[in-house]
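Here's a solo chain for you in structure tokens, the form predicted alone.
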Amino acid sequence: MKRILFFLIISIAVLAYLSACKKSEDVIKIGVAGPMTGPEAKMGIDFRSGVAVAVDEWNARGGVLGKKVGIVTGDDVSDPKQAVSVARKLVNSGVAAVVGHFDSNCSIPASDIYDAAAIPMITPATTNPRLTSQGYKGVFRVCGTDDQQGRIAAEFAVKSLKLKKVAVLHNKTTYGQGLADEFKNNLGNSVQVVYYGAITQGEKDFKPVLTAIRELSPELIYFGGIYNEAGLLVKQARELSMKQPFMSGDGTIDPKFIEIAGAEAAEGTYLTFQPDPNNIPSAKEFISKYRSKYGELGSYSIYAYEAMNILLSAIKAAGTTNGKAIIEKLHSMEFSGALGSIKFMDKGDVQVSPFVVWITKDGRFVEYWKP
């Protein structure tokens, strides 16, 4: 009797294991990596929300290759070491592809892990040119690059604002310094950079550096960094009676910037970003779905949505979750979605990535200037 009971228990355990394996095999897992906690958590959460809209749509249509799509979230807390750890965990969990990361200094080291495992990654937001200059076939982005937006920002400063003296700051990160340097290097000889320096992420008091800048009377202060420090910089500059406009990049164009700075202080800040998706007819359905479920659209929500749709379209076309096959499809296909037509160049950058200049006005962001 004991022997029969023993074999019965073993049989139940084996059946449960096989059932769990079958259930796991019926799901195509896609990683979503970014800062889900910490000071930049809003960006990661916006990623995940945009991806979730795409996953819901695909699953409602029956999934991909006869399987449902599941999300595996990785929180890198905007830290490069954590990003590597997250990448390893996602690879070990069996994801077919990854949407992420957000910060350049996270995406670049994480890409080493994905490349070694032949797992494709598409970042919705990493703009540092180095990411796609490493020779990795499976690394892509659906956003533009810092050399593009730095050049547009400099062109705006010279041609539209006709500036002669500027101050340049960055936050010492791969993204922030890279963007600031691209702006600085594209100004040409007609504009004098009277101050070039850095602040540290996480600090709260920037008045000493702002006081030093004030003495040099620049006509504009350019900041390469994220909305947290950008908001404090603008707020504290106004408290020091500094009236110069600020300018920054895509890492600052988030409602949190205006919330931190205050609408009055943020008024007139210039920001480089891609065109307003609200003006793109093909984006309207996504925006409506997103707002009904998650509220106001995040800066990169639609880019995360597009990244997921592109990955799932490539998996469907490849007819497999084999990473190398998916990567080949990503390079060969042209994708049509909420942002229009997207085709990747050999390096993994999009063929068309127009940047425009936005301005903060009446507590919101508005498109202001096109090159």
Partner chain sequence: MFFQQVINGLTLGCVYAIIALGYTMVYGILGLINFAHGEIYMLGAYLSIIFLGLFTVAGITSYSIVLSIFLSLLLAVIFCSAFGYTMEKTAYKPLRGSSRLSPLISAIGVSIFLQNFVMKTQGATDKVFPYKFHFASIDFLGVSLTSLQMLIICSSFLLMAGLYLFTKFSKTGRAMRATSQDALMASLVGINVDRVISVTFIIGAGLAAVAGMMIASYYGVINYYIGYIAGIKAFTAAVLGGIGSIPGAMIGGLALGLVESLGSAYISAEYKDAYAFGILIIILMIKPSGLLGRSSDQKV
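Positions refer to the first chain, counted from 1. Please read these numbers as outputs of a predicted model, since none were measured by experiment.
Beyond what is shown, the protein has a form predicted together with its partner chain; the following relates to that form.
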Point to revise | in the model of the complex, the residue from 137, 184, 238, 88 that sits within 4.5 Å of its partner chain by heavy atoms | key: 238
Check your understanding: Considering its partner chain in the model of the complex, which of 93, 192, 211, 288 comes within 4.5 Å of it through any heavy atom?
Key -> 211
Review point. Would residue 112 count as a contact of its partner chain in the model of the complex, using a 4.5 angstroms cut-off between non-hydrogen atoms?
Key: no
Check your understanding: Hey, in the model of the complex, is residue 217 touching its partner chain, heavy atoms inside 4.5 Å?
Key -> no
Review point. Can you check whether residue 65 is within 4.5 Å of its partner chain in the model of the complex, heavy atom basis?
Key: no
Check your understanding: Going by a heavy atom distance of 4.5 Å, is residue 268 a contact of its partner chain in the model of the complex?
Key -> no
**Study point:** Triplet 56, 141 and 324 all within 4.5 Å of its partner chain in the model of the complex via a heavy atom
**Key:** no
Check your understanding: Where, among 96-104, 226-234, 159-167, 292-300, do residues come within 4.5 Å of its partner chain in the model of the complex by heavy atom distance?
Key -> 226-234
Point to revise | Within 32-60, the residues that have a heavy atom no more than 4.5 Å from its partner chain in the model of the complex | key: 37, 38, 39, 41, 42
